[in-house]
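Given next, in structure tokens, is a single chain: the form predicted alone.
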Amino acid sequence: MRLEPLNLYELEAHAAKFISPHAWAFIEGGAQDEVTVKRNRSALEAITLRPRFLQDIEHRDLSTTVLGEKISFPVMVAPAGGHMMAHPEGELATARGAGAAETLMVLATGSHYSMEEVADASSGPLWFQLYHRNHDTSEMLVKRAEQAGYKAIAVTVDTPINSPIERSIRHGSERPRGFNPGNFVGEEAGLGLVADTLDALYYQAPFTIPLTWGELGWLRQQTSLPIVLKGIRTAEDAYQAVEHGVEGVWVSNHGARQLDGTLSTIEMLPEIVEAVKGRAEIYLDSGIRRGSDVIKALSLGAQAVLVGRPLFWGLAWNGADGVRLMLEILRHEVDLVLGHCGHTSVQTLNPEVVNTPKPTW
């Protein structure tokens, strides 16, 4: 009889036993020396909370909205490719788990299952994450996402050059093989690729157009959906993003998987909040493992946070139920910390809730 995990770290330890070493290296790995992987955690841990007492906190409300969509608490599921590495139902299970927790899932371009299949399985809101490879491919994906009921397009901007994960390479290849790119096979994609064939298994849509600020204008013409830029790391880019009319700025260092030696996302957040000045919603990912991390990010200006690697841990525990369990663990912790900080709503969190360390350089 296995004991239900009390926190995400126990969930991670269980998953490590059941996901193949090759897939585990790909899921857990970061860029180069993985310094920023560690920094994502150490910077969050360096921020401390300022608890407030002698206040009525009996009735607490964790709900919030993202781009007008209500979610039950401010934690969403980040996009990540290859969910079948952790469970045979892959993204279908993740969507069911997120929906059961009444929160939002962002589906990756490189999902095993198609966006239509995931939409059919989901009871919660969905965004679609886009890698802008070329006009024909991006137009095809964006229009399908809109038709399938996705609520926003999250464009990943922090992969201008492919950055192999050294830990994963040492286990055999840069990325585990053997799964179909669900959004590129079948009649909906119109690419002539058939599932479970070698052409499909090794298909990668070529990057033929650099993603630039100018390309955002083209993308805006392809869809009426809100556009979120994922991977913003500086005030300069955040300012440019809102000047170009995006509805969401997603502070992310890709889980430290693309470039080592950068600041953590929580360290980047204050300058980005200052640059945006309320003209777009702000989200944050990379390193969220505790409810206290969520409270810290919201207090410093994020509207909501997203979790990536933990979705694989939940899938390995028990598919959709495991994803829901992972989210419910975080919900319980968010609620506990919210109350201890003297707040009854995540909407009232502010910088006075936290102490931020002064830079030592």
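In this text, residue numbers run from 1 along the sequence as written. Predicted model only: the values in this text are computed from it and were never measured.
Here the subject shifts to the form predicted in complex with a small molecule, a form of this protein not shown in this document.
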* Can you pick the one in 211, 78, 92, 246 that has a heavy atom within 4.5 Å of the small molecule in the predicted bound form? -> 78
* To do: Consider the chain as shown here, without its partner, and state which of 108, 71, 189, 268 has a heavy atom within 4.5 Å of the small molecule in the predicted bound form.
  => 108
* To do: Give a yes or no on whether each residue among 254, 257 and 307 has a heavy atom within 4.5 Å of the small molecule in the predicted bound form.
  => yes
* Asked: Taking the shortest heavy atom distance, is residue 182 within 4.5 Å of the small molecule in the predicted bound form?
  -> no
* Classify residue 97 as contacting or not contacting the small molecule in the predicted bound form by the rule of any non-hydrogen atom within 4.5 angstroms, answering yes or no. => no
* So in the predicted bound form, does residue 334 come within 4.5 Å of the small molecule, heavy atom to heavy atom? -> no
* Asked: Though only this chain appears here, would residue 26 touch the small molecule in the predicted bound form if you measure heavy atom gaps against 4.5 Å?
  -> yes
* Asked: Pick from 295-303, 323-331, 310-318, 55-63: which stretch has non-hydrogen atoms within 4.5 Å of the small molecule in the predicted bound form?
  -> 310-318
